[in-house]
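One chain comes next, on its own, written as structure tokens: the form predicted on its own.
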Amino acid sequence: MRPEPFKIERYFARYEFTTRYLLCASDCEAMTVDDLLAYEPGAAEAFGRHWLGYTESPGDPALRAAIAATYQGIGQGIETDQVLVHSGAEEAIFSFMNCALEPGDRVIVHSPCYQSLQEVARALGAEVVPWQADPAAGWALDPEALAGLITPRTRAIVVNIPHNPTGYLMPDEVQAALVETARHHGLWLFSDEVYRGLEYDPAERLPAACERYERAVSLGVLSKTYGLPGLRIGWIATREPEILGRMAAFKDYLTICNSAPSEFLARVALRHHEAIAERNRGIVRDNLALLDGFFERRAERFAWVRPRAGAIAFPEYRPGGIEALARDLAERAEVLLLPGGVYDAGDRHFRLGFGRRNFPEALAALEAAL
């Protein structure tokens, strides 16, 4: 397979580590190893004694148990042996697409989207059909439109809840309709849930797709809600043994097993996942208040749909030409925005990230440059 270049990663390769203010980061505030170990008495000493041999290919059993515990209480629970740990979310996406799809299959993808959610399928020879979010309706999805996209060749529906890059959080009744459509047609439902737990109103948190549908595969990661991208720990959870077994065998040709130190630190993080998530929700809430003021002051040039979850939004630059503006800001003011073209979403929208503590300083730099 020959996938097209990953536009976001190529853009970041040029600017991410040379630009002072990263105003498009998708993750929340990171922390040091010491910060993380401080959540649990004795963890630092235990980490120093941790064995650096191979780990179990599906993931350390204690880590998988900790992941499974995060799914309890909303829908049908997930057991330890229904979790498969990967090196970040990207490996899990790649594995699912290779194990679930054949050339000529049809895949319906929530759009705009993180590129790998559609590009891996396309590179495998599948037909990718967008289920287009509507910016005029708050980036909402239409369940009736989804039904019209399904044909006998359709094998999977791919969604992202909460959504990257818009911050859209579908209502419970829309998720229920999505699940019933997938069930009626016997389709795989791949649900990217990397921002789950970062809903601004916890009462709006949806069941994970894997809790609601027997042929759903839920994707999770420590990078976004928990601000731990350096650990490179992601996972899938599913109640369908067929796809779980295929993906476990396919992983033998990828990373085989995960990093032992990362799995130890991931266990600590997940035992304290709610405290870490609340820390980051606090940062997001404070930064959102600043964004409300910014967009009110700059309404003649910018418009946005205020997100309901996550650490990113997808505002509109009314004059158009956001790619040129982003390039100018990066080179002249050391402020990085992510143009919507990397999502194949035209030249008016851009991704804005507000999950980090230096956001007030970065936003002030943007406003001064404007």
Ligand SMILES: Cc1ncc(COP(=O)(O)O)c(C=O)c1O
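Throughout, we count residues from 1 along the sequence that is shown. Keep in mind it's a predicted model, so treat the numbers as computed, not measured.
Keep in mind the form predicted in complex with the ligand is missing from the figure; the text below concerns it.
Colleague: Decide whether V194 counts as a contact residue for the ligand in the predicted bound form under a heavy atom distance cut-off of 4.5 Å.
Modeller: V194 belongs to the contact set for the ligand.
Colleague: Taking heavy atoms and a 4.5 Å cut-off, does E199 contact the ligand in the predicted bound form?
Modeller: Taking the distances in the predicted bound form, the answer for E199 is no, it never comes within 4.5 Å of the ligand.
Colleague: Quick one: is Y114 in contact with the ligand in the predicted bound form, heavy atoms, 4.5 Å cut-off?
Modeller: Yes.
Colleague: Is there a heavy atom of N280 no more than 4.5 Å from a heavy atom of the ligand in the predicted bound form?
Modeller: Contact with the ligand, no.
Colleague: Is the ligand in the predicted bound form near all of S95, C99 and S218, within 4.5 Å of a heavy atom of each?
Modeller: The answer is no; none of S95, C99 and S218 reaches the ligand.
Colleague: Exactly one residue in R232, R246, R271, R298 has a non-hydrogen atom within 4.5 Å of the ligand in the predicted bound form; which is it?
Modeller: So the residue touching the ligand in the predicted bound form, by this definition, is R232.
Colleague: Which residue, G88, P207, P143, P135, has a heavy atom that falls within 4.5 Å of the ligand in the predicted bound form?
Modeller: It is G88 that has a heavy atom within 4.5 Å of the partner.
Colleague: Which among 283-291, 123-131, 209-217, 224-232 is in contact with the ligand in the predicted bound form, heavy atoms within 4.5 angstroms?
Modeller: Among the candidates, contact is made by 224-232.
Colleague: Which of the residues spanning 18-49 lie within 4.5 Å of the ligand in the predicted bound form, based on heavy atoms?
Modeller: Stretch hits: a single one, S26.
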